[in-house]
Structure formats: C-alpha cells, structure tokens
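Encoded as structure tokens, the following chain is the form predicted alone, with no partner shown.
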C-alpha cells in the first residue's frame, strides 16, 4: 500500500488567509494521523502576479503555525523541482503524449466568439461549455491557420457519452456526464499551461494520494480525472471541504473579516489558538480542550468533515486565543508580552507582572492597561473609578494611608483598613482598587499590590485623602 501523501499547493499571488491555512492544516492533520507525508508545491504559473516575497512569506507563515512539510519547496525530494514555473519540460512531455494520441486539438476561437457562445447556452438553460467548433478541423486547415499566425489554445477532448465518477471523502459519490463538461483548455494561447492540466500532472508524478481542497474545486475534479486516465497516471483520492463564509453567508474575504497569517501573528495570536479554531471550522471534534497538533491529528477524521459552509466567528477565534494564554508556560508568556511592555514594566518585575495579569488578557496590548495601573507615576482613571472615588469618604483613604507599611501583603493591609474605617465588602475593596489601580476591575489585587511600590501606593492613597477633603 503506497505511503499516504497530502499536499498544499498555493499560488504565490498574495498573503495566505484563513481559507488557505485551513486547507493546509487539514492536509497536515491527515498526513500526521496516517504517518504519511505532507508536501508543499508552489503553483506559480501566473507569472504576472506571482512574487518571490509571497513564497517566502507563506513558508514563514506555515513554519510559524508548525505546519511543516517533509517534501517540496525548500525541503527537496525525488520529484523536484516543486515550483511549476520550473516544470515546463515535464508538462511538454505529457502534452506531446496527448497530442500523439489525438486527445488534444488546437482551438482558434476568439474570446468574443466564446463569450457569445456562453450567453446563447445560458439563455437556453444549458451549462456553459465549449461548442466543439474547432474539434473537427482537418489537419491541413489547422496547419494553415497556424501558418497565418492565428493565435490558438490547445483543448483536451473529453470522452464522448461518458460518466466520470469518483467517491468524494466529504461529499460521497459524484457523477459528471462528459457532455456537461465539454472540451477544455489545457494550454493557453500564450503558451502557459492551465490549472487543470499541471495540477493533475504534478499530483500524479509527486505521488500525492489524497487531495483535500475547497469545494470550489469540485467541478475541476472530473476534468482532472479524465486527463489522468488519458495519460494513464494514478488518480488521488479527493475530498472537497466546505468553504468558509462570513456572518452574512458570503465567501469570507478581507472585507468580511478575513485576516492573513501575518496579521494574526502581528496581533499576538498564538499558533495553537489559530490551529484549534481552524481545525474546528468545518470539522467536528468530540474533544473540547485546547490541543497541540499531534492531539488534533489523532482526533482528526475525514468522515467528520462537514458539507455545510463553515461560518467564520472572530469571537470563537478569540476564545481559543484566551485558552492558549492560560495554557502557555511562563517563559512563553514573558516572551509574548515583553515587546508590548517595553519601557513600562521593569525587567526585574516582568515575570511577576505577567503571571499577575495572565487571566485578564487575550492580547499583549491589553497588558499595557495593567502596566500603567501598577507602574505609572501619573495614574489614569476610568470613568467608573472616578465615580467610586468621588462617592467614597476621605476617612477610608486616611485609614488606608495610616494602615500602609512597607513589605505588607494586601490581605493584611485590607484588614487593617477595615478595622480602622468600618468599611467592608465592595465598600472597602472597590475604593481601594480604584485608588490604587485607577480601575474598578482587573487582576487579583494581592498580585497587583505586591508590584506597586510602597511609595507609589502611599502617594495614590494620599492623593484621594486630599482631593476628597477639598471637595
């Protein structure tokens, strides 16, 4: 039995987004589960839009997500090269084979002729397909048109009166009558090869056994199966996963909230959070806890891939981010927070501060509020905190100043203020939190209090004794 091999074959015409990443993730999980190989191929046949910078960026993105490949671009392998722009000789070989078998013919129809034909078919309620106008040109007629310099494409002759079938691992048995497909272009008039052809050839020659890809490719599959049958090349197992849609049911786009992996990284998302969210976007997992890639792969099941559109939900993504923040170790937490806190939190206090605020943050920038609450000389106050402070008697703050001493923990401090002022419950703790941190909510006060210096705490409390007496 051949080794299971999956692949991710992006076109480097932009930064990879959610839909791309989820496709890569599902293929990684399947390969991991079956102890197979995950391959990265670069489909850069669009010379005008493909960029080297995008190839470098997508590799960086995949590595960041720990979606590492064992064969392909930069990793090498027996089927190299893994960029389609470098495989023209391979494609020419198989094109020549098809021509020799009479399964390819030149088409001289212009773009205008094809557009008119499509409109006529659509008006008649028929599927748009090539009419076959050039399929019966005699060899000498075709040769003359070529000699006259007429531009032409090469079309593949679909088998007549055939039904192309395959078992889709997501959508079940599929049937496509060849007449509904028609002859299609495999080489354009500029000499470049079409997706149908090169994608199918590469999957076969690179030993790809399983192709998980978006449902928008479903109608491409019978074309590719017909090509592979004609070239006597192996046909992979196909599975067409649901598309990701936005809140309105439209295909997810930048406008609908889609983010590139680069943007996710810059915002402070953890790879494990992104992977856990995407793994559940169109796939049902019984497990509800945060899982690493090995655990996700062990629980991955192709039969659990859904057919219904997968709805993108930023709240759910942030839920998994919050889970990740709580699960990472202290060293990861500090590394994650350090850039956002530079200049705000002394390095000697960084570890204690990170642990103190962990439960109250989802992204690094959110820690800045608590950094100011602890270390700022000029403490910013929220509107809620101001209301609490204005309605609290200066006697409580005077008692707090008198109770405060160096190296005191918050529990001891609060008890002393309670005894001296008679305040209790919210009437005690809320004013103390507001005066010491400028907020009415947040991390546990014992942890924050231990980070606020004695001098700073005394200054903040004294400030409210004076202000309340003046008022």
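What you are looking at is a predicted structure, and each value in this text was computed from that prediction instead of being measured. Numbering follows the first chain given and starts at 1.
From this point on, the text means the form predicted together with glutamic acid, which you will not see here.
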Q) At the 4.5 Å heavy atom threshold, is residue 43 in contact with glutamic acid in the model of the complex? A) yes
**Q.** Heavy atom of residue 195 within 4.5 Å of glutamic acid in the model of the complex
**A.** yes
Q. If you check in the model of the complex, is residue 280 within 4.5 Å of glutamic acid, heavy atoms only?
A. no
**Q.** Proximity of residue 187 to glutamic acid in the model of the complex, heavy atoms at 4.5 Å
**A.** no
Q) 9, 448, 461, 21: which sits within 4.5 Å of glutamic acid in the model of the complex by any heavy atom? A) 9
Q: Work out which of 118, 327, 358, 217 lies within 4.5 Å of glutamic acid in the model of the complex, going by heavy atoms.
A: 217
**Q.** Stretch from 385-393, 334-342, 195-203, 102-110 whose residues place a heavy atom within 4.5 Å of glutamic acid in the model of the complex
**A.** 195-203
Q: Pull the contact list for 359-381: residues with a heavy atom within 4.5 Å of glutamic acid in the model of the complex, in sequence order.
A: none
